[in-house]
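Next up: a single chain in structure tokens, the form predicted alone.
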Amino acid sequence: MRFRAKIVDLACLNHFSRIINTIAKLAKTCILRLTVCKLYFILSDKVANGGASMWCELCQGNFFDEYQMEGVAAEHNEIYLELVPENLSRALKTAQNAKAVKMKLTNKHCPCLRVAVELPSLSSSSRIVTHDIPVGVIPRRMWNDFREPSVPDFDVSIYLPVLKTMKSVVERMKNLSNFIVIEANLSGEMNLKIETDLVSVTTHFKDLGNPPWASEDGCQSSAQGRDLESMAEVCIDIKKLQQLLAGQQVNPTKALCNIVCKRVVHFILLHEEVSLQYFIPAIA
């Protein structure tokens, strides 16, 4: 089992750092899955137990100048590691003007992901700052717990408004309530609502558009045949939504959400070679 990689391009390094910062805001611990072509960051708190879950997918070729990995076996050419993303985020903070960043899986006293940051130096010798991030190796028998979540059989799928606007609305509402209702229809309308004994506040968004989901995706949704004006709604923990909006540094070119009425809301943020999915279950 081996892994080593290197990022030289500064734009790629900064982009990678922003993604790790986003993940660190959403998950205290997560699974890093390494394959030949891709890296995945996975949080699979069971939605049934009220936890949010996350799936973030990156193509390694868009970030790394060098990338080598050998999985646990020839027929299972993958590696699954458990780590604290905040530790990786901190290590990358030291790399803002780095000449290069190398990552390597090591096993001195315990399994570690070694991040070696090569910093510019006035002399001919380079300065290297090394961070050893402890990781847990996930055994093969548990890999199935971290498979990609299927797109839920949603009632409504809708593009999100500008995330900055949505964030400022949700931050104001968070001061008034612990819960928020997201409702949307197939006419591109979305409302964010809070209701308490003292106050009722609704913010309306119009003309957002609804994504065209192809049925060959295997994603037959219950949206088909649905009344266009009919609202699907879900009530969720406002802190989890605010965490996503405040923490995201992916700066997506496309952002949408799928609502399964009274069950779950599924957010998808897309930016070229990065996709981030985040599931927030309904409050029972």
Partner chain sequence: APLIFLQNELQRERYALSASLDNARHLGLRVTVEDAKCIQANAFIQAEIFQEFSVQEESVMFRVSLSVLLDCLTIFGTSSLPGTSTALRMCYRGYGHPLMLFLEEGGVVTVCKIHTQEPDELLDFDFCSTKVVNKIILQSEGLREAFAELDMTSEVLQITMSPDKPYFRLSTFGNAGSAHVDYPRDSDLMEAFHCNQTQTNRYKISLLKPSTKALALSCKVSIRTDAQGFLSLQYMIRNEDGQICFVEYYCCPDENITEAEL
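Residue numbers count along the first chain shown, from 1. Computed from a predicted model, the values in this text were never measured in an experiment.
The following text describes the form predicted together with the partner chain, which does not appear among the structures shown.
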{"property": "In the predicted bound form, the one of Arg141, His76, Arg172, Lys93 near the partner chain [non-hydrogen atom within 4.5 angstroms]", "result": "Arg172"}
{"property": "Residue among Thr203, Ser89, Ser187, Thr106 with a heavy atom within 4.5 Å of the partner chain in the predicted bound form", "result": "Thr203"}
{"property": "In the predicted bound form, Val199 touching the partner chain (heavy atom, 4.5 Å)", "result": "yes"}
{"property": "Interface membership of Val129, the partner chain in the predicted bound form, 4.5 Å heavy atom rule", "result": "no"}
{"property": "Touches the partner chain in the predicted bound form: Leu176 (any heavy atom, 4.5 Å)", "result": "yes"}
{"property": "Interface membership of Asn97, the partner chain in the predicted bound form, 4.5 Å heavy atom rule", "result": "no"}
{"property": "Candidate stretches 109-117, 142-150, 80-88, 164-172, one within 4.5 Å of the partner chain in the predicted bound form by heavy atom", "result": "164-172"}
